[in-house]
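Only one chain is included here, represented as structure tokens and corresponding to the form predicted on its own.
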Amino acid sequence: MHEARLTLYELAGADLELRFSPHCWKTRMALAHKGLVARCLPWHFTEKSRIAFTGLETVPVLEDRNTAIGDSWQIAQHLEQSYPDRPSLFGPAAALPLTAFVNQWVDATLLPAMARILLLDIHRLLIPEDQTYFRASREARFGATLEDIVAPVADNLHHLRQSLAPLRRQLRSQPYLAGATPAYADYCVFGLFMWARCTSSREVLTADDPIDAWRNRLLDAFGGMARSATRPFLPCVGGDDGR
């Protein structure tokens, strides 16, 4: 691995070892893909002053020597350009716009669908100050209380699984979204599943789903980095009806 000279600010729960942001997980996987080591620091929603020196207000934030980069997509491009001697995150130049499309699809379509399953679990894992901020901001965004947003469990799960159909079809014929080996397009989607894994005990995939096999391959990638990530202790939940 490359000698550590990077610092990554990551969203954390009340348990500082619990790092659950899907965007931060995109960056974690990108760093591992490049063989780069970063000092990972926990950050809370209400600690904007801690990263004010960067001119940014949200994480991930990556410090690379004298440069601070925010937004997981911008960080990925920075890593690709700054470390060209390390494995490429995108592959051929023609793959970059396609990867950008995947990133936008995840953020616009899959992330809101997953949020409707996870919001209340996330709220329970935060420090009190973050809970107040999180509830107010997410209820304003979705136009309902957290409890009402997640209440139709079966409908929310069905909508998510339907939204995953393009990914499912692709993974029936190849091991990774990018082909024979994983690339940043895979990490864009995988971050979403780490969001679920690190905040909820609810299983969002069925065992026979080809997406589940893909997820397991990425959990085991880079020495099982993602599989060994801290998870919360939560009571087990039942099937699609929430019982």
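This one's a predicted model, so the numbers in the text were calculated from it and none came from an experiment. Each residue number is its position in the shown sequence, starting from 1.
Separately, the form predicted together with a further copy of the same chain exists; it is not shown, and the next lines address it.
For the options Pro97, Gly143, Pro84, Pro128, the residue carrying a heavy atom within 4.5 angstroms of a further copy of the same chain in the predicted complex is Pro97. Figure note: of the listed segments 28-36, 170-178, 191-199, 56-64, the one touching a further copy of the same chain in the predicted complex, with heavy atoms no more than 4.5 Å away, is 170-178. The closest non-hydrogen atom of Thr109 lies within 4.5 Å of a further copy of the same chain in the predicted complex. By the criterion of a heavy atom within 4.5 Å, Ala154 is excluded from the residues contacting a further copy of the same chain in the predicted complex. Contact check for Ser137: every heavy atom lies farther than 4.5 Å from a further copy of the same chain in the predicted complex.
For Trp105, a non-hydrogen atom is located within 4.5 Å of a further copy of the same chain in the predicted complex, even though that partner is not displayed.
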